[in-house]
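First comes one chain, alone, set out as structure tokens in the form predicted alone.
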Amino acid sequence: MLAYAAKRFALALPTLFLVSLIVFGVMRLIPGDPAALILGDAADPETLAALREQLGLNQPLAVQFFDWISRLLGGDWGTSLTNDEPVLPTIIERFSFTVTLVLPVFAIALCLALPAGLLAARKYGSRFDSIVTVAAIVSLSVPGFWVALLLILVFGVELGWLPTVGYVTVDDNWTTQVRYLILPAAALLIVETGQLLRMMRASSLEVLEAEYIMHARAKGLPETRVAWRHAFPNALAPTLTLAGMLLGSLLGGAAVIETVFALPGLGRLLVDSVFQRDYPVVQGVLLLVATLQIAMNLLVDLLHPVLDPRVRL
């Protein structure tokens, strides 16, 4: 297991290098000059040229790329072009907020989707199965921004129960902070639960038709034990793969939800930095997102043998 993890980690290094190269190149293809955005339309050409030289934007792209990589390996993620602040502390601060929002929501989604998907497969064709299927389809079909706006309209504007946009820290008031996070968390929960629910139901239907399940039933085992002891671990494997991908993408920033609710998360930082052509921040955020995805994939691969002994053999 350790040798496999070390091999996967070694393969991740060239992957991250390719990702950094692609991110660097794509950012330079986006129209717009960061110096012009910083100084405004009234800046004269001499001032623009001086700022471009100060920011290193007048150097060849290859020189800019390897200068960024060399500083990155030394722990220097660069300085923001818009506010002249270090990139790494900014990313860590925004990432900590995203983790605070995403992890509880994702845990609740798993607790809802896994047993509901298995139970729907056991009761295939029943009313409960129809309700679960319709709920999953609706969740998959409705855009996240529409869910967020609908929640704001109903619970924030019409009923006035919860605040709609903004955020307060724990230092101010933790109860107020929770109230500000309820609507974003609910929007994320509705959007993400459907994918896990549909995958768990589909994989459970396939597993429940397997021969070893029929054999367990023929031995006279209770249906509940057959479902949870024999079917659940094998049905969980495909859902676990999807869950790892979803968690990696969510930790990289729920950009739509964070933008709609004006939350200081990693996704909103990425969106704002793209509009501002803040190259160091965008490159740092995307590199962190790629690292999270690779880490989640590795974690899922290491968990598969725990659930399925056939993988271990």
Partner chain sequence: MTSRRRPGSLLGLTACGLISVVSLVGMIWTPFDPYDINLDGRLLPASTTHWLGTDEFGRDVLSRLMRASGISLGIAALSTVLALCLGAFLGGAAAFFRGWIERGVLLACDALMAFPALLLALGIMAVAGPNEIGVIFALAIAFTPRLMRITRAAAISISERDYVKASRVLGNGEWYTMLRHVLPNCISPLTVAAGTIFGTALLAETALSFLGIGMPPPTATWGGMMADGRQYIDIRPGLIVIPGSAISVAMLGINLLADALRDRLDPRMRYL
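Residue numbers count along the first chain shown, from 1. Since the structure is predicted, the reported quantities are computational estimates derived from the model, not experimental observations.
Beyond what is shown, the protein has a form predicted together with the partner chain; the following relates to that form.
Exactly one of the stretches 76-84, 206-214, 90-98, 224-232 approaches the partner chain in the predicted bound form with heavy atoms within 4.5 Å, and it is 206-214. Between the partner chain and the residues L72, A237, V142, I108, the one pair within 4.5 Å by heavy atoms in the predicted bound form involves V142. At least one heavy atom of V26 is located within 4.5 Å of the partner chain in the predicted bound form. None of the heavy atoms of W161 is located within 4.5 Å of the partner chain in the predicted bound form.
Although the partner is absent here, Q64 lies well away from the partner chain in the predicted bound form, with no heavy atom inside 4.5 Å. L18 belongs to the set of residues with a heavy atom inside 4.5 Å of the partner chain in the predicted bound form. Within 4.5 Å of the partner chain in the predicted bound form, a heavy atom is found for not a single one of L119, A186 and H304. Contact residues in stretch 263-281 (any heavy atom within 4.5 Å of the partner chain, taken in the predicted bound form) are L270, V271, V274, F275, R277, Y279.
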